[in-house]
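Below you will find one chain, with nothing else, as structure tokens; this is the form predicted alone, and questions on how it binds or moves follow later.
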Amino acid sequence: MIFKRHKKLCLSIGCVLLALLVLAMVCLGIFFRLGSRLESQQAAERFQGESQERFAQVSAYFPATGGVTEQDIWTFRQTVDQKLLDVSLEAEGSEALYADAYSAQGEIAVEGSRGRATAPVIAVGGDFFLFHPLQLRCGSYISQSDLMHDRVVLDEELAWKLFGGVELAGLTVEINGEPYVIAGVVQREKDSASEEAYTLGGGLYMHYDRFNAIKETKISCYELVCANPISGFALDIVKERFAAADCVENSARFKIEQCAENVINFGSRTLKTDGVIHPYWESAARMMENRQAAALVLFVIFIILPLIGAIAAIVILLKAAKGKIRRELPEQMEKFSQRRWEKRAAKEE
């Protein structure tokens, strides 16, 4: 009865609640979409391929005064091998149980046929481009398995600045008075977070050992994708060895439970007092985490309001039904008694 009396109001409230429910579903869709935008956070899925083994991706970022050396990385690889053996995991055939990469950042003077520049450089080792599969515009990546480490990869901006084009594979640039072969030219990430995080301008990638020979530089970032038979296995290995580093399990960072924790700890997690060097891809990931947290908060708000509205409607309906029962029950009982008396009287006649 109460809904008939206020039909327009009820319809309006229903439409608002339905719109809020739709917005909640949109926010949930955005939440999951944001979690899959960054290629730099998806190495575990790429490395796993068709394997039935579970893998996790972990990154360690070192303080500005506490980086590590290549010798530290080689020693750590032995630790990983032993940890995997301890849980009875051994690689079969050509399948590997882990891969890693490391990098440092700096600047270097570089010269091409049409220009020169002091360019930002990311000095890399291991399987760096497994973790960062930047789109190739020409040529190929560099890797640890290269026989000679005198090859470099330019990004598009630096390629245009030095040569006026991007089809440069096989040409040479001069670095510190020595020629380096251009292995390829890459396009940097096009997602909004990476574009916002990378502000250094046109740059290049070269082997860490060659850059370190020119400018002694500690490794500031280590990345690992590893078999993860139990939750936290790979992360614990990295944390145990690199206790001073800021360690992140990339493959778990965009899950709902981690996002909820980020929302709860939002104030404290944005404080940076440890002097850790974060490369632009980690800054981009943190931006994406914040956007994902906002989407989750909006989802909760938008989903709670329709639930409150539905509960309120049920309560109002129950109260209205209760009032109607209270008003009509005595009358119905009296009518029932009257009919029974009439039937009894008719039988006695």
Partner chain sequence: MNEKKKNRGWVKNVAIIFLVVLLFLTFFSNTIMNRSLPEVSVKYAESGSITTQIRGTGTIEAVDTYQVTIKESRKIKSVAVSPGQQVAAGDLLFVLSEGDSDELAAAKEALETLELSYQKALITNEAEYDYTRQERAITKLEKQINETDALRRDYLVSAEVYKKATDAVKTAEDAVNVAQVKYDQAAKDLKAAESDFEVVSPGNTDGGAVTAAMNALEAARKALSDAENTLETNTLLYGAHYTIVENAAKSEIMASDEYLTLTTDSEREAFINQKLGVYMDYVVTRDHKGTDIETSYNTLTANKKAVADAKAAVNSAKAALDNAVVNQQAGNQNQLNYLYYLQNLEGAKATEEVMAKLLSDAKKTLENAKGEVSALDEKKDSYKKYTDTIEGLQENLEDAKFELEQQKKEDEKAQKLTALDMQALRNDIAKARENVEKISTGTAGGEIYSEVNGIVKSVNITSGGMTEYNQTLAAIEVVDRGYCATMSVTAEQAKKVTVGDFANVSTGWWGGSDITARLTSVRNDPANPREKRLLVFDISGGGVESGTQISLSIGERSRSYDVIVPNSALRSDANGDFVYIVTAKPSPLGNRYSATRIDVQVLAKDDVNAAVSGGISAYDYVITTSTKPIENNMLIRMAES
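Given the structure is predicted, the values throughout are model-derived calculations rather than measurements. Residue numbers count along the first chain shown, from 1.
One more form of this protein exists, namely the form predicted in complex with the partner chain; it is left out here, but the text below deals with it.
- Contact annotation for the candidate site: 39, 95 and 111 all lie close to the partner chain in the predicted complex (heavy atom within 4.5 Å).
- Residue in contact with the partner chain in the predicted complex (any heavy atom within 4.5 Å), chosen from 150, 191, 81, 236: 150.
- Of the residues 125, 279, 139, 120, just one reaches the partner chain in the predicted complex with a heavy atom at 4.5 Å or closer; this is 139.
- Interface membership of residue 130, defined by any non-hydrogen atom within 4.5 Å of the partner chain in the predicted complex, is confirmed.
- Interface membership of residue 231, defined by any non-hydrogen atom within 4.5 Å of the partner chain in the predicted complex, is ruled out.
- Taking the partner from elsewhere, residue 135 is found to have a heavy atom lying within 4.5 Å of the partner chain in the predicted complex.
- Contact between residue 167 and the partner chain in the predicted complex is not found at the 4.5 Å heavy atom cutoff.
- Only one of 200-208, 241-249, 140-148, 100-108 places residue heavy atoms within 4.5 angstroms of the partner chain in the predicted complex, namely 140-148.
- Residues of 28-62 lying near the partner chain in the predicted complex, listed in sequence order, are 39, 46, 47, 48, 49, 50, 51, 55, the criterion being any heavy atom within 4.5 Å.
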